[in-house]
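Presented below, as structure tokens, is a lone chain in the form predicted alone.
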């Protein structure tokens, strides 16, 4: 029974105060530990900076800014971090009342950030709709993705075969029509992207006689807010059955696992193919604008052999980028500058060579899927941001990287012969 159960008057608890004063008491940390998050007077959740960190072996509070990846972080801490990871709760939908189908771009065989945003929007619509719904993901071609469950997929339709390889919009739309006939989904969701989502969504809308919402970024069951006028104005309309969604339309699913149960289509009608895929056209990577490039090799102040850097970009087939320092020093043109003061990039792979990681540069690469850092300074901010770090001299590393690429290509040519 608490001290204020009798008359509502808050009374002191001498025992708790004594524990708070006694640092050697086993319950001391539980009593004095500040809340990690509090709700401020405006209703916003605020983080308590005093609750960040951990108590080291000498009793001092430490803040691990490298997330357990720095040289000072021993194997024990990394092991503790891995042990602290808990399995996410599993969500299953056995008998759904309705379906929401999300067609994925699946760039490179894996879910993109845009795909995950679309799945997040699908779950928002499920919550806002009466009844129990299931989110169905449709993917075409080769799939390398291993985390459909963590992305929020309740049902998975994987359609593969020679007819769906490469550019095949007509046959894919025929398959989507078969999905529509079998599941009768409440909503169709597509990423409004240049990777196929925009075209497939538009083609399916024409086949189904739907008037789609394009560049939709705020959607509920009643209204959809869409970007228009070169993103300078918003258009609000009644939410249609088919939506082409902009990036960051919703938060991705990250706190639950879903069953991702496979669904097999009964039959897919053959489409009359009028478009023949002749394969990809060879394009100079440096002719691709930085904002559209998928693979960027970026140089900073740590580059001393610029001829080698240009050769490495050519061998790797990467678009060249640069930090502001490299541009200001005259080594790279201004249109190659990456960052908040240059070009914001969304590459699938971004390799930063000799870039320390200024705040503006890190802002510009915030939407990149995989960041690889090559640097001699293990404590620089770019190393902390990177998904993979290589510590060493950039000239030696780039030289070895080019050798490995050439060996890989020669081996592929020999196997083909």
Ligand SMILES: Cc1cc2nc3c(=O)[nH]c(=O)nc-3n(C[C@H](O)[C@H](O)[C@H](O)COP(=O)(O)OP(=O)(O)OC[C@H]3O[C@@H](n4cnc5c(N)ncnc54)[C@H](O)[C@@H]3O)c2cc1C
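Residue numbers count along the first chain shown, from 1. All of these numbers come straight from a predicted model, not from anything done at the bench.
The discussion below concerns the form predicted together with the named molecule, not included here.
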Though only this chain appears here, would residue 356 touch the named molecule in the predicted bound form if you measure heavy atom gaps against 4.5 Å?
yes
Please determine whether residue 386 contacts the named molecule in the predicted bound form, using a 4.5 Å cut-off between heavy atoms.
no
Is residue 399 a contact residue for the named molecule in the predicted bound form, using a 4.5 Å heavy atom cut-off?
no
Is the gap between residue 376 and the named molecule in the predicted bound form 4.5 Å or less for some heavy atom pair?
yes
Taking the named molecule in the predicted bound form as the reference, which of 261, 341, 195, 177 has a non-hydrogen atom within 4.5 Å?
341
Which pick from 202, 214, 319, 337 sits with a heavy atom within 4.5 Å of the named molecule in the predicted bound form?
337
Partner absent here, but in the predicted bound form, which of 185-193, 227-235, 324-332, 159-167 has residues with a heavy atom within 4.5 Å of the named molecule?
324-332
If you look in the predicted bound form, which residues in 275-309 sit within 4.5 Å of the named molecule (heavy atoms)?
300, 301, 302, 304
